[in-house]
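Consider the single chain below, provided in structure tokens and representing the form predicted on its own.
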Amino acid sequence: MTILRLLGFASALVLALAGPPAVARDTGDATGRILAVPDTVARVFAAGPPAGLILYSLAPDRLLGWPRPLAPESLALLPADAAKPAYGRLTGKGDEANLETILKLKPDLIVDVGSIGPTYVSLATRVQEQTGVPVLLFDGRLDALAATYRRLGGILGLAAEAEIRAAWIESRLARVRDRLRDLPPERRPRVYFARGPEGLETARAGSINVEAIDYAGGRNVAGEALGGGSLVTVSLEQVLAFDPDIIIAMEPAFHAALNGDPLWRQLRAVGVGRAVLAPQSPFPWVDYPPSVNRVLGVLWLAALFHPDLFPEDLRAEVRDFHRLFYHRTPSETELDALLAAAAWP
């Protein structure tokens, strides 16, 4: 999360634009902060892409806009009302939101989802002080997603809708966790997570960006070699030294060029056809954003890594996930395309 440019604005001007908040009740977020929020929350600003996706999945009519524009191929898999404006993000790199624009939107609430460490708490507090709008921070880890839905559901007056989604998440993650519990390390494939146009951005151990890979029973080779942390750029020589069993790519152009690149073809995983592109639409299944989309990624990766342990029909799970979280059931043709993208090349 970067320091916000918007915090340089004068607080008095900001509060004048915002107007007095309509406070009616106190509520808590995942950090233990108790905040005053309006009794009725009809307009919510998402601080970043993970929050935007979770809010859309639960309350699409209350999400004011996306933190970044959606691609046409993403919108094609979503209902027409998903075509919302993009206002930028309050947290993360690039595409920073303009504070004056946010305040003119008059949100009842700002929601962020991701890390809830001290740095993020401090930033959320500062944004709230600058805007006069309550900023709630929720835990974005996979095991915390169900609780995040339940907390948000209570705040938005959508407890029943949130419970359905929380229960869906819990049941699928529990299935994966239970079947992998006793799997020894030598049966877990060593995986390289390739991010960026060169495929050389990856994640250290413990990063939320590779949480789906860890959860699905893979071993993050960069994490094992480099230790804990967040995203990191490595050299191709380091990737060669990692010698992964599987490559999970996030960029279509990078993945398309792999087989024709003599340097990357030195990797065993490329040579045996074990370099796969994470499905991209409407949101990538593994990361980008690290939000509820990763639950579908966990199911996919678990079946990819351990087909003997996960014989379930992935088609049914994809259909159900889209219906419940993206508010539209894909056609059989669309499912064919999604599952073809999820197969080994």
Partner chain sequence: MRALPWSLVPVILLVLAAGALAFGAYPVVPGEMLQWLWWRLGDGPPPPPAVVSVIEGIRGPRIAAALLIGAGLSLAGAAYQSLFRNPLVSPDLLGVSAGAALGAVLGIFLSLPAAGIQGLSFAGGLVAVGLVYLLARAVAARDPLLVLVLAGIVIGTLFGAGLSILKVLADPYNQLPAITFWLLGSLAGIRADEVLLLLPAALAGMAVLLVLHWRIDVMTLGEDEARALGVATGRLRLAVIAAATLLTAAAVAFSGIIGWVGLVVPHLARLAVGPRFARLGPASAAIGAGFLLAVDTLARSAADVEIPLGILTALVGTPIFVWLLAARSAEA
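Values in this document were obtained by computation on a predicted structure and should not be read as measured data. Numbering follows the first chain given and starts at 1.
What follows is about the form predicted in complex with the partner chain, which we do not show.
With the partner chain left out of view, the stretch that reaches within 4.5 Å of it through heavy atoms in the predicted complex is, among 30-38, 310-318, 297-305, 45-53, 45-53. Taking a 4.5 Å heavy atom cutoff to the partner chain in the predicted complex, the contact residue among Glu73, Asp178, Glu237, Glu186 is Glu237. Taking Ala167, Leu105, Ala86, Leu263 one by one, only a single residue has any non-hydrogen atom within 4.5 Å of the partner chain in the predicted complex, and it is Leu263. With a 4.5 Å cutoff on heavy atoms, Ala144 does not count as touching the partner chain in the predicted complex; it lies far away. Using a 4.5 angstroms limit between non-hydrogen atoms, Arg68 touches the partner chain in the predicted complex. Although the partner is absent here, Arg204 lies within 4.5 Å of the partner chain in the predicted complex, judged by heavy atoms. The partner chain is not drawn, but in the predicted complex it has no heavy atom within 4.5 Å of Asp81. With contact defined as any non-hydrogen atom lying within 4.5 angstroms of the partner chain in the predicted complex, the contacting residues in 286-304 are Tyr288, Pro289, Pro290, given in sequence order.
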